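A single chain, nothing else alongside it, follows as structure tokens in the form predicted on its own.
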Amino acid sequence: MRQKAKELLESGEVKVVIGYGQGSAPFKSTPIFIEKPEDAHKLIWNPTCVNNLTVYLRDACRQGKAAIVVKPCDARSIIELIRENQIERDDVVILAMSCPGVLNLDALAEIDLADVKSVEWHQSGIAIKTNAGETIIPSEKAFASKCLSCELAESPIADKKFGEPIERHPIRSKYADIEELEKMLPKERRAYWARQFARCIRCYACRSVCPGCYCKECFTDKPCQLWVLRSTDVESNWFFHFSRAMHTAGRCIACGECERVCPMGIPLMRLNQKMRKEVREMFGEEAGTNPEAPPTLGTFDLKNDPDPCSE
């Protein structure tokens, strides 16, 4: 992957390679933007490469052709950006990595983080090396929740693939997190989400990290809008999160970044998974699978689906 990145920069085919670099500790990585061939060695690939880097792709492509390192799941975001005419397919070189799963930081709770030397994939999960030796954390505990239901053996879109396809054996349903919610009565679900949204501080980290949230001006930031108050009252928080879920319905690829970065630990993916399930049942479609297909909720037939507002 490093050699390919170097070649792309040396030939001038791309202006930048978006990838992962070493973070502030061995159990962390950070997004990096490589513009010089001699810096390609800074790229890394290991279980700490958690971020969905496609959130940077629109801005990068405006400066010229870009290459990007992606996990199979995150590659679906590129498909959505192409579907929605946010990037041109010819403007991006996709370096698709084989991925057994990414690290769930909670799995390191019993390990002295200051003593961690490396984090690597292991046939049984993830291997953590410290001065005391090597600890193998089994897959069901080591991997992020989304990885436990992943069905992608390889990237659905790529220019160059690295590593062999992964033989997938999901150990949980992709909708497992919403099963209990669906059993609740409507008033119980409303009470559940009211408790969750009461904790929201509206830092908008969920919005900032989402590849699908790319409006120049979010409806919540418009100075004259009356729907969402500046204060973080429950009703305004409720309106923001449900409006955002509606805006990303049929487009969310379930990368889980919104939930990962939430400082208050709000289970936003339960909301997004419910929307994904509804879209799948209603339209038979799943986001991030076909770059040639029109956007699921951006397609309508004026003859059979007339605009009621015009009547």
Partner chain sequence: MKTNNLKAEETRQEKEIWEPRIIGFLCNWCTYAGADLAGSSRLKYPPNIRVVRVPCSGRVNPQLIIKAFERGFDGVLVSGCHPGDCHYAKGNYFARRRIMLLKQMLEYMGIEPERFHFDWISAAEGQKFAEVVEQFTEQVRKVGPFMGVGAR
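The term rigid core refers to the maximal set of C-alpha atoms that superpose within 1.5 Å between the two forms. Computed from a predicted structure; not experimentally measured. Residue numbers count along the first chain shown, from 1.
The next section is about a form of this same protein that is not shown, the form predicted together with the partner chain.
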item: The partner chain contact at residue 60 in the predicted bound form, heavy atom, 4.5 Å; value: no
item: Non-hydrogen atom contact residue 56 with the partner chain in the predicted bound form at 4.5 angstroms; value: no
item: Residue 33 within 4.5 Å of the partner chain in the predicted bound form, heavy atoms; value: no
item: 4.5 Å heavy atom contact, residue 247 to the partner chain in the predicted bound form; value: yes
item: Heavy atom distance at most 4.5 Å to the partner chain in the predicted bound form, all of 24, 39 and 118; value: no
item: Region of this chain that lies against the partner chain in the predicted bound form, out of 236-244, 71-79, 132-140, 90-98 [heavy atom, 4.5 Å]; value: 236-244
item: 66, 253, 50, 275 - the one with a heavy atom within 4.5 Å of the partner chain in the predicted bound form; value: 275
item: Residue (of 168, 189, 174, 161) lying close to the partner chain in the predicted bound form, criterion heavy atoms within 4.5 Å; value: 189
item: In the predicted bound form: members of 270-299 within 4.5 Å of the partner chain, any heavy atom; value: 270, 271, 274, 275, 278, 279, 282, 283, 285, 296, 297, 298, 299
item: Core-superposed comparison between the shown form and the other one, residue 13 Cα displacement 2 Å or beyond; value: no
item: Cα displacement of residue 25 between the shown form and the other one reaching 2 Å, rigid core superposed; value: no
item: Relative Cα spacing, residue 218 and residue 302, in the predicted bound form - shift of 3 Å or more; value: farther
